[in-house]
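First comes one chain, alone, set out as structure tokens in the form predicted alone.
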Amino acid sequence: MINALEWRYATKKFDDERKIDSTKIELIKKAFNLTPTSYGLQPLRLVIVKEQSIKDRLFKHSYNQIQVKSASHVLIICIENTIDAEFINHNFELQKEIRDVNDETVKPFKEFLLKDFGNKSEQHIHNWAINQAYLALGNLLTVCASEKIDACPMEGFDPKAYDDILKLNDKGISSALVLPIGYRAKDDKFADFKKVRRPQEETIIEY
């Protein structure tokens, strides 16, 4: 795993002729779905774009970052627009179904979450959901590295334009983070740059 993390970098240029096969895309889907989230509520969805015409449109709203056009696939991590009592109750119905537990087992935690989220502002809940998107991003970066799939995490895009192009509002979600994935171009000079990190002695504290 350390070798994989040493290998990865924020890819600046993809080989637009090389495509990720469907088996690896399925693995990425499963990894996204297995990402840990706060309270296990999964306020996230993943949009996967492989159609070149759509990537070309998104490129214009990504500060012209070429990775969006040249990547094999563009992953867009999205957050749910509405995280309310109905959303929380649905999660607990899923728990009961999968774990075969009764109402009394889940009731204390469910009541806590309903009260806790009921007292939070919409902005607070939005910020919380965004934090979960970063958890998914980190997980996907590590999975991609382990599979020798190149990736470039991005915040630099126009979320409203993405939402409009992909009609995300119709699905009740909003774009939060973008992750183009594929295979590095042979002439991407950044691939050979040494990784710059602060020494462990500066970043790790042990007691």
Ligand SMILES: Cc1cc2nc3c(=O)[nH]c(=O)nc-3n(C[C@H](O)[C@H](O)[C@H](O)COP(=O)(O)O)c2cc1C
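Residues carry their position along the shown sequence, with the first being 1. Bear in mind that the values here come from a model prediction, so they are computed numbers and not experimental data.
Same protein, other form: the form predicted together with the named molecule, not shown, and the subject of what follows.
Put simply, of 42, 174, 65, 142 only one has a heavy atom within 4.5 Å of the named molecule in the predicted bound form, and it is 65. Interface membership of residue 134, defined by any non-hydrogen atom within 4.5 Å of the named molecule in the predicted bound form, is confirmed. Although the partner is absent here, residue 26 sits far enough away that none of its heavy atoms falls within 4.5 Å of the named molecule in the predicted bound form. The named molecule in the predicted bound form comes within 4.5 Å of a heavy atom belonging to residue 154. Using a 4.5 Å cutoff between non-hydrogen atoms, residue 195 counts as a contact of the named molecule in the predicted bound form. With the partner left out here, the named molecule still marks one of 51-59, 31-39, 146-154, 163-171 in the predicted bound form; by a 4.5 Å heavy atom cut-off that stretch is 146-154. Taking the named molecule as positioned in the predicted bound form, none of the residues of 13-39 brings a heavy atom within 4.5 Å of it.
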